[in-house]
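Take a look at this one chain, the form predicted alone, written out in structure tokens.
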Amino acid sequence: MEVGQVRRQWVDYTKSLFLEGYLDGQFLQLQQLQDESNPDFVSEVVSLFFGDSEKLLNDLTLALDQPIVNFKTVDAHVHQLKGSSSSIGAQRVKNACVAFRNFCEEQNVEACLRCLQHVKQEYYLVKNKLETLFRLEQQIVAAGGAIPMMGLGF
């Protein structure tokens, strides 16, 4: 596939991620920090997010599986996940965490379990989407092209 075609595919795919609410402007700000001196900056930051999120989701699963749930611990994990998802622009994960934290305050175990499933679903969706985006970027670079810069005015 020629580089121009892959670039157009990347632009269309990136637009869809914003239009469908997977990503917000914070992701664009992250992209603006990437340059020739650090061409893998975004994928490295997002990889760290993936690793941290997997651990937090496991910790949340364990915390909510206890006979007596420590809601302060659950809330602290959700707060951390909300912050890290917000910092990379994973909007739908962040939004799911907001609802989750409300149920932590109410100490509602059943609602927290439902929210955990929703957060996991949103996390795995955005993870899949970002992995696809990075594969497209690798194809562009392999074909000798440069990754286009996106702005909010797309």
Partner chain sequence: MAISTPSSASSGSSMAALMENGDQLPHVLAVDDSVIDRKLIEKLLKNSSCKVTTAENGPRALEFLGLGDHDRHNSLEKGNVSKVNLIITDYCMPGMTGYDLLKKIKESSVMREVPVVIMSSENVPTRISKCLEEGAQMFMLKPLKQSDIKRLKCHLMNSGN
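Residue numbers count along the first chain shown, from 1. Given the structure is predicted, the values throughout are model-derived calculations rather than measurements.
Form predicted together with the partner chain: not shown, discussed below.
*Asks:* Out of the stretches listed (125 to 133, 58 to 66, 43 to 51, 112 to 120), which one is close to the partner chain in the model of the complex, meaning heavy atoms within 4.5 Å?
*Replies:* Checking each option against the 4.5 Å cut-off leaves 43 to 51.
*Asks:* According to a 4.5 angstroms non-hydrogen atom cut-off, is residue 33 in contact with the partner chain in the model of the complex?
*Replies:* The answer is yes: residue 33 has a heavy atom within 4.5 Å of the partner chain.
*Asks:* Does the partner chain get within 4.5 angstroms of any non-hydrogen atom of residue 95 in the model of the complex?
*Replies:* Heavy-atom contact with the partner chain at 4.5 Å: absent for residue 95.
*Asks:* At 4.5 Å between heavy atoms, is residue 77 in contact with the partner chain in the model of the complex?
*Replies:* It does not: once the partner chain is placed as it appears in the model of the complex, residue 77 has no heavy atom within 4.5 Å of it.
*Asks:* Using 4.5 Å between non-hydrogen atoms, is residue 29 touching the partner chain in the model of the complex?
*Replies:* Yes - in the model of the complex, heavy atoms of residue 29 and the partner chain come within 4.5 Å of each other.
*Asks:* May I ask you to list the residues of 62 to 88 that have any heavy atom within 4.5 angstroms of the partner chain in the model of the complex, in sequence order?
*Replies:* Heavy-atom contacts to the partner chain in the model of the complex: 79, 82, 84, 86, 87, 88.
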